[in-house]
Structures are given as structure tokens and as C-alpha cells.
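So this first bit is one chain, no partners, the form predicted on its own, shown in C-alpha cells.
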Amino acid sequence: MVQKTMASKKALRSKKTFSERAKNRWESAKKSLSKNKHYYILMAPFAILFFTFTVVPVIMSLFISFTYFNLLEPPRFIGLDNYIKLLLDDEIFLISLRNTLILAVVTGPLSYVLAFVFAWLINELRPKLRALMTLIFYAPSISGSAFLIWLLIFSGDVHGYANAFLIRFGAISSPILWLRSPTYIMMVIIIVQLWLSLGVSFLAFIAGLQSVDKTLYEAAAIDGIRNRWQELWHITLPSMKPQLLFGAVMQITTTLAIAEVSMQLVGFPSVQYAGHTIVTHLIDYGSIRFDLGYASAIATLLFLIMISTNIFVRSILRKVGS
């Protein structure tokens, strides 16, 4: 009886302690909200827009992915049918998944490294020359007529620059249909994507390199660091981890969402779906066939791939400089 009484008192005390902790947390949250209300007011417009146009559509897309929805009829719940069809019956999706992974594995890390290397080299130049070189390297990512240039280069006749160059030097005897041959389509997309990839990540790296405290290099020299590679690994990279992470996120998002390059260069759909990606498959079902339930399932899988890749890359970047 005594043990039961002690146990009940202990449970009552723990319950009271929990309620007191919850009450204290609530009071602390109210004080923090009252003290920093001007910050929350400034954040409110962005938070409202982000929640309305990003969070809500993602949740709606997740729900619609479990339905059949063609815009003409109300959504009809069909469970996992869209996902089963996508992973087991849709051969074109498997082709697009393979192409997307190839593009991500090749162009993602390579463009990320190139963006940092070019930013590192340009950062050593004088201010005016640095600004000019930054503009030159960044311009391709914002040039609207970029695809026209590459269409001229990889034209399938003797007037295409690539064919004319190779024929002139005897590498080939007849023109190659670069944009119509499944053998070359992926190679062309990779080349153009790498050319376009020095965008926001490149600017972030330039900004990160400019923000590194120069006194750290002097202190490191006293501590025994003697060359630029040691400075890069032990000082530069750890000092710009936020920019490295931001650049990685942008590169992952860009490489997994490649669509415009493929559609503009090799057509939509491409020959034998050689340039088909997950996003072009999504556009096919979402904007042409209006099977929004199936399109939402594609978008959900792409979202999961992006999230898992970001988590993996973040775990690698945490080790930089250690």
C-alpha cells in the first residue's frame, strides 16, 4: 500500500513537473515573440508566400499522387497504383531515370568543382579584371539565345561547326547527326549543361572567397602552413562552408531537374527517348496528357531523390577541413 502511494505521488510529481516545464516553455516563447516581434513582422511576407506557394503545393501534390485526376473529374483515390505503374510498368520512366542519374553523376560533381576552381582562380585577380571575368563566366547561364549557338555548332549538315571542323581535319568523312542520333544525344546534352552550369553557385563561391578573413592566412603561416593547398583545405574551405552547401544544393537541384536543354536541343520527345529526363516525363504527363495524379507521383519521387541526395552531400561537406 505504501509503495502504491509513493508511486502515485511520484507520478503526480512528474506530471506536475512536466506541466510546469510546458508552462515555462510557453511563457518563454511568448516573451521571445514579444521581444522580437519586429523580426517576425519582417519575416511574415516571405513566410506567408513560401507556405502558400511552396509548402501547400507540395502537400497537395503528395495527396494527388494517390489519386486519378485529369482536371475534368474530381480526384479519385486509387492508392499506390500510380507508383506501381511508374516503377514496374513504365519503361520510359526507367529510361528517363537512367538518363537523369547519368546527367546528375557526370555534370553535378564536375560542374560543382569547375565552378569552385574558376571562382578560386578569378578571386586572385585585380578587382576590375575579376569583375570582368566573373561576368564572362556567369553570362552563359543567363543568355537566352544559348541554345541557338549550340544548334549551329551541332547542326547535322556540313555547315555545322562541329561537322565542318571534323571533316576538315579528316576525323570523319560524312556529317554526323549529333542531335538525332541516340549515340551522341547524351554527350551533347552533357557538354551544353556543363557550359550553362556556372551560374548561382559560381557567384556564391566568389562571394564566399571574398568573405574569408585574411588574417587567418597570416595566423596559419605562423602555425606551419606553407603552401596554397594547405591554406585551401584548412582555412578557405572551412570558412566558406555555407556557400559550399548552398552551391551543392543548387547544383543538385539543377542537374536533377534538367529539361530545357534536352527539349530545346534534341526535341520533345527525343529520338528513342535518348534525351528524356524525369522532368520531361513529368511535363509530358502533367502539361500534355493532363494525368495530374501520375505526374504528381513522378514529382514526389523526384522530390525524394533530391532530398536524399542533399542529405548525402551535406554529410560529405561536414568533413571538409577536418
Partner chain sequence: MGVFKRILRRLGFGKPRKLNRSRWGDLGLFLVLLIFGSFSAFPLILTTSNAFKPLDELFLFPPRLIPRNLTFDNFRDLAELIGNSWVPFSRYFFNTLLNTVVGTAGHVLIASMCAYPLAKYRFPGRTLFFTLVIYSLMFAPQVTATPNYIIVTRIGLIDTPAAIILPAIASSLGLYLMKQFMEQIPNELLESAKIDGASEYRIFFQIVMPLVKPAWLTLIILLFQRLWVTDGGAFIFSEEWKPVSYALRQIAAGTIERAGTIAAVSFIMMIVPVVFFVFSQSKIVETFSHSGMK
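All values reported here derive from a predicted model rather than from experimental measurement. In this text, rigid core is short for the largest set of C-alphas that superpose within 1.5 Å between two forms. Residue numbers count along the first chain shown, from 1.
Below, we turn to the form predicted together with its partner chain, even though it does not appear here.
Visitor: Within 4.5 Å of its partner chain in the model of the complex - does that hold for a heavy atom of every one of L86, I176 and L317?
Guide: No.
Visitor: Choose from 127 to 135, 89 to 97, 180 to 188, 102 to 110 the stretch whose residues reach within 4.5 Å of its partner chain in the model of the complex, heavy atoms counted.
Guide: Result of the contact check: 127 to 135.
Visitor: If we define contact as a non-hydrogen atom of the residue within 4.5 angstroms of the partner, is S34 a contact of its partner chain in the model of the complex?
Guide: Contact with its partner chain, no.
Visitor: Could you confirm whether R228 comes within 4.5 Å of its partner chain in the model of the complex, counting heavy atoms only?
Guide: Yes, R228 lies within 4.5 Å of its partner chain in the model of the complex.
Visitor: So, F69 and its partner chain: in the model of the complex, are they within 4.5 Å at any heavy atom pair?
Guide: Answer yes; at least one heavy atom of F69 falls within 4.5 Å of its partner chain in the model of the complex.
Visitor: Tell me, yes or no, whether L302 is in contact with its partner chain in the model of the complex, where a contact means a heavy atom of each within 4.5 Å.
Guide: Heavy-atom contact with its partner chain at 4.5 Å: present for L302.
Visitor: Check each residue of 146 to 169 against its partner chain in the model of the complex and list those with a heavy atom within 4.5 Å, in sequence order.
Guide: If the 4.5 Å heavy-atom criterion is applied to its partner chain in the model of the complex, 146 to 169 yields A146, I149, W150, L152, I153, H159, Y161, A164, F165, R168.
Visitor: Any chance the CA of M43 moves 2 angstroms or more between this form and the one not shown, core superposed?
Guide: True for M43: a C-alpha shift of 2 Å or more.
Visitor: Superposed on the rigid core, does the Cα of I59 end up 2 angstroms or more away between this form and the one not shown?
Guide: Shift at I59: below 2 Å after core fit.
Visitor: L194: CA shift of at least 2 Å between this form and the one not shown after core fit?
Guide: It does not, since the L194 C-alpha is displaced less than 2 Å between this form and the one not shown after the core fit.
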